[in-house]
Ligand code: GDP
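Let's start with one chain on its own, the form predicted alone, as structure tokens.
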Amino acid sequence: MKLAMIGFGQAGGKILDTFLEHDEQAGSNIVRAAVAVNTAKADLMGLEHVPEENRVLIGQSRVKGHGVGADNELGAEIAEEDIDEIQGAIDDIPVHEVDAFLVITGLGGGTGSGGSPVLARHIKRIYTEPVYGLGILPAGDEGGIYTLNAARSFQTLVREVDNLLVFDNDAWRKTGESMQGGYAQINEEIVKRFGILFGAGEVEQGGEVAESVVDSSEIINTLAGGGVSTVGYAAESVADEKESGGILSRFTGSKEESSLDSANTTNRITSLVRKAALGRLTLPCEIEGAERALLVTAGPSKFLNRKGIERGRKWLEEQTGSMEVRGGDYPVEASDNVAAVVLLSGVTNVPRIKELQQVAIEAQENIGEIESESEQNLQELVEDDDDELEPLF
């Protein structure tokens, strides 16, 4: 799948940078165009793989390149005011060569959480390609302001994009891990999962063609209908088997070897599908009730087979209760692993989202109470002043 990626804010820019690094190393050619947008000049300067001409600094007249300090309302205002500057960078994207836009942002900060819904709405108004969001939820220990920002931004962004893919830092940060080291590792995990998902179907000239192809239309159809999506991943090393020519090389050429190898390959794939779907999802949730699902198995072609994929797909149908479950393989001959990636779209039973919605409701109520109290205090002050005034005559 060919994507035009826009990293908005600090987290969005860093993840975009990691995507570009992964794309270059893997030769997957997923990122057709990359633009980084920020109000902080230092964050843009710290990027290593985004071309300098595609780094857009907005809000210079208001924040002088120093960022918005986690004020996502200010981030939204600046995005509205400087949308033409962002559009100037988007104009250089060869849109006829991309399948979709992907707006990447941290939902807890200021610039990205405030500006990304504005940008998504703008892109959808101009272009016909789908606009997806990749939103990163902050960990609980990052502070109350970030949780409140995430609660507000999530509700807005999910309405503006065609589908919101979510990664929850709270489920991935390790205890005692440094902030910088932790987020670098998390960014790698994000790109690993979404890299396989979006890389499926992108075969170079002379490359291995999948037995059951997953192309961009399969991904687009899975993400159709909007809502929230999560991704599961599981992998197993086959390095020893590659070197030995197969676990049953002693039976070389025999029918027994062929049948047993096939059974082993099928069982490995079905096992990995289960681990991916029931293990550590990018956004932890109950998979039952997911509207749509997509299974991608990746690795050397001789370790992938149609039977395993079909069994995994049927198991996903049973677990989710959805009849819209697609599946296919993604041959990566240089890999030493076989991996399964499961995309679950339209998930609803998500504890973290319910928690954020409650935060948003409470915040709205508190704002109402504060405004009401302020008005009451002002009225009392005016009345007191009136009582203290002495008549002039």
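Throughout, we count residues from 1 along the sequence that is shown. Here the structure is a predicted model, which means the values were calculated and not measured.
Keep in mind that the form predicted in complex with guanosine-5'-diphosphate is missing from the display, and what follows is about it.
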(request) Go through 194, 101, 183, 303 and name the one with a heavy atom inside 4.5 Å of guanosine-5'-diphosphate in the model of the complex. (result) 183
(request) Tell me, out of 308, 110, 133, 299, which residue has a non-hydrogen atom within 4.5 angstroms of guanosine-5'-diphosphate in the model of the complex. (result) 110
(message) Looking at heavy atoms inside 4.5 Å, which stretch does guanosine-5'-diphosphate contact in the model of the complex, given the options 214-222, 185-193, 282-290, 263-271?
(response) 185-193
(request) Answer with yes or no whether residue 117 is in contact with guanosine-5'-diphosphate in the model of the complex, where contact means some heavy atom within 4.5 Å. (result) no
(message) Whether residue 138 contacts guanosine-5'-diphosphate in the model of the complex should be assessed with a 4.5 Å heavy atom distance threshold; does it?
(response) yes
(request) Tell me, yes or no, whether residue 20 is in contact with guanosine-5'-diphosphate in the model of the complex, where a contact means a heavy atom of each within 4.5 Å. (result) no
(message) Since only the chain is shown here, I'm wondering whether residue 169 would be in contact with guanosine-5'-diphosphate in the model of the complex (any heavy atom pair within 4.5 Å).
(response) yes
(message) Do any residues of 25-43 have a non-hydrogen atom within 4.5 angstroms of guanosine-5'-diphosphate in the model of the complex? If so, which ones, in sequence order?
(response) 38, 43
